[in-house]
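One chain follows as structure tokens, the form predicted on its own.
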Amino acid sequence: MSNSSLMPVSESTSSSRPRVGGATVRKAKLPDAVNIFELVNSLSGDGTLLRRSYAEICENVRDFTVAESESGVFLGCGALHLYGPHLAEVRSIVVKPEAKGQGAGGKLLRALLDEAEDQGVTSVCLFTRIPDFFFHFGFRVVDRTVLPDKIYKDCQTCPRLYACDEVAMVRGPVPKVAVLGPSKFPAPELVKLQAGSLTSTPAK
């Protein structure tokens, strides 16, 4: 389905690649947009990640966290997309091959999960081809139909909609609310949001 979500930590194919000190993570800034753009789109050719324009990266740069070496070399990135208090999605998390062994992938994921917690989000989802990696972080496999917000945002327009090889995973309770898309998702357990500025129609 949509491949704009989560990407495995890339593996180094050569033991002769340079090794630097342990990775550190921080929130992305606009100057990081070029590196994020180049890394994410380097994996768009085979459908691993959806291609994103430079303008889109700049517009959403505040969603991103970046990993870098002790000397400030860019190693990888990941993003947290907020749907609402009920759900956030880890997206576009990818690490350069030469970052193997520095813990960049795990540090990025932990930082994004901490950010979701700081925002008061109850559930975090992702789509991945390597579910075993994420079991260690409290994620579990779910049917993708329980994530209508994600389906409506990305999957319906994905060229791999009917040939998706990614696994949907959730950390926390399965959301009972959807805020995007039409109201006719096959999920009768969805409920209306509490009175407030946002409204949601239960699936029919």
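The first residue of the shown sequence is 1; numbering continues from there. Model, not experiment: these values are computed from the prediction.
Although not depicted, the form predicted together with a small molecule is the subject of the following passage.
- Message: Using a 4.5 angstroms cut-off on non-hydrogen atoms, would Val95 count as touching the small molecule in the predicted bound form?
- Response: Close contact exists here: in the predicted bound form, Val95 approaches the small molecule to within 4.5 Å, heavy atoms only.
- Query: Using heavy atoms and a 4.5 Å limit, would one call Lys29 a contact residue for the small molecule in the predicted bound form?
  - Reply: Contact with the small molecule, no.
- Query: Would His86 show up as a contact with the small molecule in the predicted bound form if we use heavy atoms at 4.5 Å?
  - Reply: No, His86 sits far enough from the small molecule in the predicted bound form that none of its heavy atoms falls within 4.5 Å.
- Query: Quick one: does Ile130 come within 4.5 Å of the small molecule in the predicted bound form, counting heavy atoms only?
  - Reply: Although the small molecule is absent here, Ile130 would touch it in the predicted bound form, with heavy atoms inside 4.5 Å.
- Location of the small molecule contact in the predicted bound form, chosen stretch of 145-153, 54-62, 29-37, 132-140 [non-hydrogen atom, 4.5 Å]: It is the stretch 132-140.
- Message: Which residue, Leu49, Val66, Ala168, Val177, is the contact with the small molecule in the predicted bound form, using a 4.5 Å heavy atom cutoff?
- Response: None of the other options qualify; the answer is Leu49.
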